[in-house]
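First comes one chain, alone, set out as structure tokens in the form predicted on its own.
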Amino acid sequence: MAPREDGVTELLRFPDDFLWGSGISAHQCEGGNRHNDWWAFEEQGKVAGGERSGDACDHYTRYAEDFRLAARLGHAVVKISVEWSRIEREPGVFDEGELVHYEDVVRTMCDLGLRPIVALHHFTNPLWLEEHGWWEGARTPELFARFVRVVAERLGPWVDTWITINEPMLVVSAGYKWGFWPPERRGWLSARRAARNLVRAHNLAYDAVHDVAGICRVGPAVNVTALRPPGRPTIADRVLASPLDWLANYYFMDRVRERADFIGVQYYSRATVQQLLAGDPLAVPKSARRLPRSDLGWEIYPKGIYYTVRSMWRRFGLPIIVTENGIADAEDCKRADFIKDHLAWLHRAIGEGADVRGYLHWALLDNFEWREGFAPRFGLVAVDYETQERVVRDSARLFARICRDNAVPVPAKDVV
């Protein structure tokens, strides 16, 4: 192929009906979610620098502005979440005003030509769930399904794609095995109970949505990590690699595969066995500090999206949407190449038969990044948290061209 005048020698085209977009979540962007476990965690000073989510991006009142921005940037889809603790502040009492709010959120998206993908659980839980043992409690799956049924019935007219639980195995590892996140449990027994209940919660939620929301697609969004062999693998590395790979990447889907219409795949980086065992899977080990990294120290490894997507497709045979993939990059000096490189490898997976239906970049906006606070900047759009001003980054313009062209431009030398 002869080079074009702009120096681009290849346009990797995606399937005609491919979905392009981005994502946000309620607690990270809305602000004012005072009645959940994360707000309480923040109030105890357990976030970096003592930061609190506070007003976050004030998305709760600025959602129309934010969605207009997404539409102008060529996005066809935005993944959002609903805040359980807003809608059901007290057990069994559903706030009509909040349900009307979220109805207006998804209606606004549809009016702007955006397709909402709604996550029903994105890490936060109402404070009253403590009485039931959080995700270790035997009743928690049924309580979650009750909430799901109410939400799906109200939002069903505008939503055809639902995510039951966002990154369930991260909930298990960070909250119940290592105790980095609420409710700060530590131990395999707690993790096992939480994992089993999250599986049951997904299955009950899947049935509830299909019962009340009509024709739709329902699936989980699972975090996947490409396993990286260490420079000098030990006997323990060799023995533990396969079971840890299964536990981190496949355990949840293996147990819900009969109740999933698609898989949301969320890929950021790769890890060694030792990193997984230490509960810090994304930090680059000291022995590999020269590897390219994000602002959070996560290795930039685009090929991993090819390995993980291909593996999930071969194992489960379900349609895939990449529901998160992104980088903390405050200077916006790496994000454009990050996007292009990951999409080139995703294109290869599709070319080899993987049924991938869409790619959603994380995130539309800078936001509150959980235990790391506001310092990490994942947004295609920068947010000034003092003034709430939104500024479109150069990488967002690059991604907008990709969305509109349905193709990613790459130099010939980078074609995979």
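Note that residue numbering begins at 1 and tracks the sequence as displayed. These numbers were taken from a predicted model, which means no experiment stands behind them.
Omitted here: the form predicted in complex with ligand BGC. The next part is about that form.
S.K.: Just checking whether Glu51 would be counted as a contact of ligand BGC in the predicted complex - the rule being heavy atoms within 4.5 angstroms.
M.R.: Output for Glu51 is no: heavy atoms all beyond 4.5 Å of ligand BGC.
S.K.: Does Tyr306 reach ligand BGC in the predicted complex, with heavy atoms at most 4.5 Å apart?
M.R.: No - in the predicted complex, heavy atoms of Tyr306 and ligand BGC never come within 4.5 Å of each other.
S.K.: Is there a heavy atom of Trp298 no more than 4.5 Å from a heavy atom of ligand BGC in the predicted complex?
M.R.: Yes - in the predicted complex, heavy atoms of Trp298 and ligand BGC come within 4.5 Å of each other.
S.K.: Is His122 close enough to touch ligand BGC in the predicted complex, meaning at least one heavy atom pair within 4.5 Å?
M.R.: Judged by the heavy-atom cut-off of 4.5 Å, His122 is in contact with ligand BGC in the predicted complex.
S.K.: Can you pick out, from Gln266, Asn197, Asn249, Ser294, the residue that has a heavy atom within 4.5 Å of ligand BGC in the predicted complex?
M.R.: Checked against the cut-off, the match is Gln266.
S.K.: Considering Thr225, Ser173, Thr161, Asn166, which brings a non-hydrogen atom within 4.5 Å of ligand BGC in the predicted complex?
M.R.: Checking each option against ligand BGC in the predicted complex, the one that comes within 4.5 Å is Asn166.
S.K.: Looking at 368-376, 38-46, 387-395, 65-73, which lies within 4.5 angstroms of ligand BGC in the predicted complex, counting heavy atoms?
M.R.: Only one stretch qualifies here: 368-376.
S.K.: So, Gln28, Glu324 and Trp362: all three within 4.5 Å of ligand BGC in the predicted complex by heavy atoms, or not?
M.R.: The answer is yes; Gln28, Glu324 and Trp362 each reach ligand BGC.
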